[in-house]
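Only one chain is shown below, in C-alpha cells, and it's the form predicted on its own.
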Amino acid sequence: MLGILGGTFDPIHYGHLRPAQEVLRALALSEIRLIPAANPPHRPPPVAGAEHRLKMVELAAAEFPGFRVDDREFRRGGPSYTVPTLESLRAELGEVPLCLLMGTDAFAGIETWHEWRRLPELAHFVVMTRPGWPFPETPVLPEWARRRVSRDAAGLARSPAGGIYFQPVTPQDVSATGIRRRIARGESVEGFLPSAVRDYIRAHGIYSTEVTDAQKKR
C-alpha cells in the first residue's frame, strides 16, 4: 500500500510529517508520497513561492525514511485538485492500494472537494485522529461513508480503493500559520520543523516580512 499526503506545505512541518510517519509504520505502507499543491484552489495563494515550497518538502523528506516527494501537481499546472492527481497515480501504478491521508477536519469537509464522489473510486481514506478519539458511530456519518468504514487496517491491502479507516496519531501542537508568524516576529521555530527546512527559510528570507514571497515572484 502507498500513502499519499497532499498539502500546501507553507511551510512543511512536523505536524505534517510525524503523523504521516506513524501511519507509515502502523499500516506498513510501502512509502509516503508527499505531493505539494502547486495552486490550491480553495484558499488564498501560498505565502512562499512554488519553487521554495517544493524545495522545503524535498529537504523535509530527506529526514524521514520511506518518504518520497512527488511534484506532479507542479508539472500538471492549473488548479491542484486531488482527483486528477489520483487518476495520474492510478495510470502509473495500476491496482496498487492507495491511502489518502487526511485529518478529521479535512474528512468532515470532503463533500466540498472537487468531484469528491470520485475519490473513493481512486483511493482509501485514512483519517488521522487523536489518541482516544471515539470511533465514529455509523449513524453520524453520511450514508455514502457508512458502508465504507473499516476497523481492519489489513483489509485495506485487499482492494485498491474504497475504504475509510480511522488511525490514531500523536497530536502535534504546530501549524504553518503559527510558524510563519513566529518567523515574522523573529522568534525561534526550533523543534517545529526539520532543521534543514528552518535553515532554508532563513537563508532565503522566507516569511520574514508581511510582503509575501509569492507576490515577489509575480
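All of these numbers come straight from a predicted model, not from anything done at the bench. Throughout, we count residues from 1 along the sequence that is shown.
What comes next is about the form predicted in complex with ligand ATP, which does not appear here.
Novice: If we define contact as a non-hydrogen atom of the residue within 4.5 angstroms of the partner, is P194 a contact of ligand ATP in the predicted bound form?
Specialist: The answer is no: P194 has no heavy atom within 4.5 Å of ligand ATP.
Novice: Can you work out whether F9 and ligand ATP are in contact in the predicted bound form, taking contact to mean some heavy atom pair no more than 4.5 Å apart?
Specialist: F9: contacts ligand ATP in the predicted bound form.
Novice: Hey, in the predicted bound form, is A145 touching ligand ATP, heavy atoms inside 4.5 Å?
Specialist: Close contact is absent here: in the predicted bound form, A145 is far from ligand ATP, nothing within 4.5 Å, heavy atoms only.
Novice: Look up in the predicted bound form whether S175 has a non-hydrogen atom within 4.5 angstroms of ligand ATP, and give yes or no.
Specialist: Yes - in the predicted bound form, heavy atoms of S175 and ligand ATP come within 4.5 Å of each other.
Novice: Please tell me which of R130, R76, H114, R118 lies within 4.5 Å of ligand ATP in the predicted bound form, judged by heavy atoms.
Specialist: Of the listed residues, the single hit is R130.
Novice: Could you check which residue among R43, R151, R185, R158 gets a heavy atom within 4.5 Å of ligand ATP in the predicted bound form?
Specialist: Flagged contact: R43.
Novice: Any idea which of 176 to 184, 160 to 168, 22 to 30, 63 to 71 reaches within 4.5 Å of ligand ATP in the predicted bound form, heavy atoms considered?
Specialist: Within 4.5 Å of the partner lies stretch 176 to 184.
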